[in-house]
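Quick heads-up: it's one chain on its own, the form predicted on its own, in structure tokens.
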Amino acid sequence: MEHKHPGPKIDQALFHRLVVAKWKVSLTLAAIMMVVYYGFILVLAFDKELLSTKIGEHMTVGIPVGLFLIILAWLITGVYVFWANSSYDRAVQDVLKSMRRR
């Protein structure tokens, strides 16, 4: 008869907090990006003239709005990477340490 040694036990509360934090950050950042992006698409679909309004001799409103979308995507990615590298990675290490202690 073979007895299997149970593997390291995970701290359920700590792991649950880690998962909840990851989902909160991920969904919040995704929601921000989706609202802004789909807002842009809806304006493009239903009020194309607004984005084609000239604000200079050669520039329309759509160009800075499009640049804003690109920069916002970079910023949101940067926020996520900063959060993941600082807070999330530390929380993962805490979960792993708690598993090693058990």
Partner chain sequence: MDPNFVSTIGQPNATSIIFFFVFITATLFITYWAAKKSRSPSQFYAAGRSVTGLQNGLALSGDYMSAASFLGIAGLVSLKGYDGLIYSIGFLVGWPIIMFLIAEPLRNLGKFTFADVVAYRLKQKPIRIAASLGSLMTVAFYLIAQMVGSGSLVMMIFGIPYEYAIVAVGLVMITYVLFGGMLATTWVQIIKAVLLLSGATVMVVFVLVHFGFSYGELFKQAAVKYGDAVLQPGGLVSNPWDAVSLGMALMFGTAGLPHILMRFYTVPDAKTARTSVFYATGFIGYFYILTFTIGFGAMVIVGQDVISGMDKGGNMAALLLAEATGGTMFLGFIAAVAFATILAVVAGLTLAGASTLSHDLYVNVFCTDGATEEQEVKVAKRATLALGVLAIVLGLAFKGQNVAFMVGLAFAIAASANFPALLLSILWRNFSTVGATASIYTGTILAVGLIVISPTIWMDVLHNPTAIFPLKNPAIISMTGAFIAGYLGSVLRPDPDASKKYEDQKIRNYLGVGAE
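Quantities reported herein were computed from a predicted structural model and do not represent experimental measurements. Positions refer to the first chain, counted from 1.
Although it is not shown, the form predicted together with its partner chain is what the next lines describe.
> Could you confirm whether V19 comes within 4.5 Å of its partner chain in the predicted complex, counting heavy atoms only?
Contact with its partner chain, yes.
> Is there a heavy atom of A13 no more than 4.5 Å from a heavy atom of its partner chain in the predicted complex?
No, A13 sits far enough from its partner chain in the predicted complex that none of its heavy atoms falls within 4.5 Å.
> Given a 4.5 Å distance limit between heavy atoms, list every residue of 21 to 47 close to its partner chain in the predicted complex, or none if there are none.
Counting only heavy atoms within 4.5 Å of its partner chain in the predicted complex, the contacting residues of 21 to 47 are K22, W23, S26, L27, L29, A30, M33, M34, Y37, Y38, F40, I41, L42, L44, A45, F46.
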